[in-house]
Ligand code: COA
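This document starts with one chain, in the form predicted on its own, laid out as structure tokens.
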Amino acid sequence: MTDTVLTENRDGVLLVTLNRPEKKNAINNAMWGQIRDTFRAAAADDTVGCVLLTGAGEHFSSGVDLSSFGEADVDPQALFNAAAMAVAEFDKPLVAAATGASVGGGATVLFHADVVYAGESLRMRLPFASLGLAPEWGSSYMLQANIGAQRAAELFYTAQWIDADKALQAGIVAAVLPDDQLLEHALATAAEIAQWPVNSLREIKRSLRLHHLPAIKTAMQAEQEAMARQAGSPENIEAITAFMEKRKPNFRKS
């Protein structure tokens, strides 16, 4: 079986690559499990000073693979929750490099990165309102913490597409680079970070980010409860049906 997450330790920088390029790195149950295990292992490994998260191929991640919900003897919500918490609790610097599609969970994971670099092809979306759903991955808290309440509210409520320039203007990403220069730039930054003592990097991460954990966990709980209410609702069914039928959804009839 092909690994859905690839890892390579480059002198203290753990390069973590989402590896389903033929599916635009859509996240299935196997990938949730490997994300969880990868971040837990990286946190415990003192040879890792910094993680660089990216996607194989042209896209960072198109979000959740809906086909994985039909797998037998698997609780996708439990797998997602464990993966999300492993990323949120990761106590070392996390750099991300994203190109192409970055949608749903493929966008909200980026809000937990300390530094995000975007390729010029980046197309990000928080599609939850358009799907009749609620946010995830603690994003309802983290995006506000990162860019401010009004900007976050605009992006959540409108479900609009966010290109690389808008992501930069909003403060979602630190810089935009040509796609073919993105990984090299991100690796250079990660290497600059990883040269320093791991215990110091941990303390800086705790000071900068991890004091947000109680609020993140509160947001995740609220999001899970909201998602449970919305998943399978008439609005959600209409959104999925319209997508399958390649038409605009009509939520007024729901």
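As the structure is a prediction and not an experimental result, all values here were calculated from the model. Residues carry their position along the shown sequence, with the first being 1. Note that the rigid core is defined as the largest set of C-alphas that superpose within 1.5 Å between two forms.
Form predicted in complex with the named molecule: not shown, discussed below.
Check your understanding: So in the model of the complex, does any heavy atom of I147 sit within 4.5 Å of the named molecule?
Key -> I147: no, not in contact with the named molecule in the model of the complex.
Review point. Should G171 be classed as touching the named molecule in the model of the complex when contacts are defined as heavy atoms within 4.5 Å?
Key: Contact with the named molecule, no.
Review point. Applying a 4.5 Å heavy atom distance criterion, does G105 contact the named molecule in the model of the complex?
Key: Yes, G105 sits close enough to the named molecule in the model of the complex that at least one of its heavy atoms falls within 4.5 Å.
Exercise for review: Using a 4.5 Å heavy atom cut-off, state whether A26 contacts the named molecule in the model of the complex.
Suggested key: So A26 counts as contacting the named molecule.
Check your understanding: Of V48, L187, V64, I193, which one comes within 4.5 Å of the named molecule in the model of the complex, counting heavy atoms only?
Key -> Spelling it out, the residue with a heavy atom inside the cut-off is V64.
Exercise for review: Quick one: find which of 151 to 159, 173 to 181, 96 to 104, 114 to 122 has residues within 4.5 Å of the named molecule in the model of the complex by heavy atom distance.
Suggested key: Heavy-atom contact with the partner occurs in 96 to 104.
Exercise for review: Decide yes or no: are F128, L131 and F243 jointly within 4.5 Å of the named molecule in the model of the complex, with each residue judged by its heavy atoms?
Suggested key: Answer is yes for this spot.
Check your understanding: Is there a C-alpha shift of 2 Å or more at D11 between the shown form and the other one once the rigid core is superposed?
Key -> No, the C-alpha position differs by under 2 Å between the shown form and the other one.
Review point. Is it true that E245 shifts between the shown form and the other one by 2 Å or more at the Cα, once the core is aligned?
Key: Shift at E245: 2 Å or more after core fit.
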